[in-house]
Structure formats: C-alpha cells, structure tokens
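The form predicted alone is given below as one chain in structure tokens.
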Amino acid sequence: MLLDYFKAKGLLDRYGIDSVESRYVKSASDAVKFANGKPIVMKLLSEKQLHKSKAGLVRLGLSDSAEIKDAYDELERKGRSLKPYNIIAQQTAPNGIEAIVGGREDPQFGKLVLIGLGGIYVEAFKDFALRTCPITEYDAAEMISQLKSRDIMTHNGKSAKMLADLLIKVSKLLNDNPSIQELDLNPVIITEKGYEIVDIRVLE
C-alpha cells in the first residue's frame, strides 16, 4: 500500500529529515494562496500513475496566478481518469545536485539502505551504493566514497558529512519501521549547505 504523502512526510519529520514545504490544494485559488507570490511546483498524486513526470503530471516554475490556475485546471482534467487523486503544491527547491536516497525490504538480507545519483540518472548510470541496516558513520562514509559521482554529489566533499547524516537517519527510520517495504526519496536536491527532498514514496 502506498502511504499518503503527508503521512510519509510526517514520518520523515520525526527523524529530522527535511523535505520541501508542501500542501494538498483543492482549488486554483488555494494554490495561489499557498504560492504567496513565490514560484511553486504542482503535481498530481495517484496510485494509478506513479511515474508523474513521464505522464505529464508535474508542472514546474509556476509564478503568477494565471499560470497556477492553468496548471491546476490541467491537472484536474488529467485526474478524472486517475481517481482517487490529490493535487499537491510545493515550494520550488533550490538548484543543486539530484540524488536518490531510500531503501527496501530484502527477503534474504532484511532492510537495505541506498544512495545514488538521482533524477533521470539513477536508471541511466546505475551509480548507487547499498548496505544492510542499521549503518554506522563509517558505513555511510564508505557508501558515499563508493560512488563514481561522489565528487559531484558532495560538491567536492563539502556536503559529505551532511549526506552521511541523512543516510544514518534513513537507515534508522527503515530499521525502526518493519512495515515499510520500500522507501524512495527521489530527487533529493543537494547544495553545499544542505538538502531538500522533493518527492517521497513509501510502500508498506
């Protein structure tokens, strides 16, 4: 079962894992109010279509009221064939490197935690590292050093400790919650000063 987005976000919050400010919106005016003059992203969430970008269910860089209204109306039309669904508005994440962090339940090894180059690149380059949970600081550092993209992802090491801390928190979350079968945080936008999780998917 796919966990409701805000239940999943609340789970991350309890472990001190940061994600972008988000809200379900029920109308275009609700989305405009959430934006409050700042650029936002809107997405349609439905268990019937998990690949949002490929299905045209994501609208980026929405700035003014007319753009937001048009995007909401378009997503609402597409949602008619994907019921039940929700439309979510999110603050625009900062520019940075896209990573994937997550984990799953393996029948042989138990809970596994993963980090890799994210976004569209996770499938193209297969650049990721896996460990069984729970992991230590040493394990987290080793996972990061194993990546071919480690210098890009860590901004030449400036974000390495922050990423290691995130991996440890995700490992603890997975280990503490036996009902979780899969956790997918993709993309995680990494800057030199921090990170923002843009998409959260939890299967129980």
Partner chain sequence: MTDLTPILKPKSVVIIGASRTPGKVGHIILQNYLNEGYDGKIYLVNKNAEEILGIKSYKRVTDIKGGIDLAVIAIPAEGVPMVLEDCGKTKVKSAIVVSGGFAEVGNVDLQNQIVEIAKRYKIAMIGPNCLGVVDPRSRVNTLFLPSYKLSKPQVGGVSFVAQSGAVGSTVLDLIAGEGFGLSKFISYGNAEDLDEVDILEYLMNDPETKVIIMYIEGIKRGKEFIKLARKITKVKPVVVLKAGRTEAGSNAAHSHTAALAGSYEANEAVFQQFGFTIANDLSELLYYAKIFESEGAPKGNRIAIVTNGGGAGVLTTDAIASSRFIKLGEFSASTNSALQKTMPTLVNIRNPLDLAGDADDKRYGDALAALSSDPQIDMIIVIILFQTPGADSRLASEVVGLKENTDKPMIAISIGAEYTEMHKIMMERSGLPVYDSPRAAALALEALFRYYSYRNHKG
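Note that the structure is predicted; figures quoted are calculated from it, not measured. Positions refer to the first chain, counted from 1.
Not on display, but discussed next: the form predicted in complex with the partner chain.
Chemist: Contact between residue 94 and the partner chain in the predicted bound form at 4.5 Å, heavy atoms?
Modeler: So residue 94 does not count as contacting the partner chain.
Chemist: Test of understanding: in the predicted bound form, would residue 186 fall inside 4.5 Å of the partner chain by heavy atoms?
Modeler: Heavy-atom contact with the partner chain at 4.5 Å: present for residue 186.
Chemist: Does residue 67 make contact with the partner chain in the predicted bound form, using a 4.5 Å heavy atom cut-off?
Modeler: Although the partner chain is absent here, residue 67 would stay clear of it in the predicted bound form, with no heavy atoms inside 4.5 Å.
Chemist: Considering non-hydrogen atoms and a 4.5 Å limit, does the partner chain approach residue 126 in the predicted bound form?
Modeler: Residue-level check for residue 126: yes, a contact with the partner chain.
Chemist: By the heavy atom within 4.5 Å rule, which residue out of 29, 63, 179, 145 makes contact with the partner chain in the predicted bound form?
Modeler: That would be 145.
Chemist: Thinking of the partner chain in the predicted bound form, which stretch from 161-169, 55-63, 132-140, 35-43 has heavy atoms inside 4.5 Å of it?
Modeler: It is 132-140 that comes within 4.5 Å of the partner.
Chemist: Going through 70-109 from first to last, which residues have a non-hydrogen atom within 4.5 Å of the partner chain in the predicted bound form?
Modeler: Residues within 4.5 Å: 100, 102, 103, 104, 106, 108, 109.
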